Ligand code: PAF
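There is one chain below, alone, in structure tokens, taken in the form predicted on its own.
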């Protein structure tokens, strides 16, 4: 197994979690940070009953050294600008993996840098920052990585196989769309109603909203040629809600903190596809407007 040197852009909770796991699999890791930090940077990772300190070298966008492998774990709305800040360190041989919520940023990035051809991923891993240098692994999940039209993984994927429940996804487009569809049905509702995920099923009035929203999302999914996802959407959404019943969605947390949300790359992307196929999606459009009023 050949390990590579990965730079992690977006050193938040998820970025640090994957940095730790890749380091455990034998990869060299460097965190890309906004400003000068202690080098190496010491982080504490809490995982169940296990707590350990890990150290990572750091770099900034202003550095000049080339980057061979770049993992991007920023917020969706930061992906294009963040990668652009490192464009002088990337070339046609650089491997870029986008592991962020939502859809749309990959095509934006490819439009600006057509030679990058990024890979994409989706994960249900959970992590949050306890303090500036302390990360909590809150929930074990599945990670799927791929690139449209590529049934077989590239050589750099070998160390990723050592990560828990991390697989090469031959149909990454379907995996990304399913994640988007589920997020569209859950996250905006929790933000607008200021509730935990589980309340979307336990409160009858919210359960009815979930049903109506899933019907609308399913119509868009079918038009976008994701018929199997459309057919199983309501059951999948209910499964995710039950599995994350006590969680506050990231969109709700962003709204509560007055931060910009990722709604433009979640519901906004669904609406762009709906418009492309001439499908009215008034419930999703209303939610997008309400969330933007709450958090932007």
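The structure presented is a predicted model; accordingly, all values stated were derived computationally and were not measured. Positions refer to the first chain, counted from 1.
Same protein, other form: the form predicted in complex with the named molecule, not shown, and the subject of what follows.
Asks: Go through 154-162, 88-96, 185-193, 103-111 and give me the stretch that gets within 4.5 Å of the named molecule in the predicted bound form, heavy atoms only.
Replies: Careful reading of the contacts points to 185-193.
Asks: Verify the flagged residues 219, 269 and 280 against the named molecule in the predicted bound form: is each one within 4.5 Å by a non-hydrogen atom?
Replies: None of them does, since no heavy atom lies within 4.5 Å of the partner.
Asks: Among 67, 240, 54, 27, which has any heavy atom within 4.5 Å of the named molecule in the predicted bound form?
Replies: Checking each option against the named molecule in the predicted bound form, the one that comes within 4.5 Å is 240.
Asks: Is residue 244 a contact residue for the named molecule in the predicted bound form, using a 4.5 Å heavy atom cut-off?
Replies: Residue 244: contacts the named molecule in the predicted bound form.
Asks: Report whether the minimum heavy atom distance between residue 249 and the named molecule in the predicted bound form is within 4.5 Å.
Replies: Yes, contact at 4.5 Å.
Asks: Just to confirm, residue 143 within 4.5 Å of the named molecule in the predicted bound form by heavy atoms?
Replies: No.
Asks: At the 4.5 Å heavy atom threshold, is residue 134 in contact with the named molecule in the predicted bound form?
Replies: The answer is no: residue 134 has no heavy atom within 4.5 Å of the named molecule.
Asks: Output the sequence-ordered list of residues from 254-284 with at least one heavy atom within 4.5 Å of the named molecule in the predicted bound form.
Replies: The stretch does not touch the partner at all.
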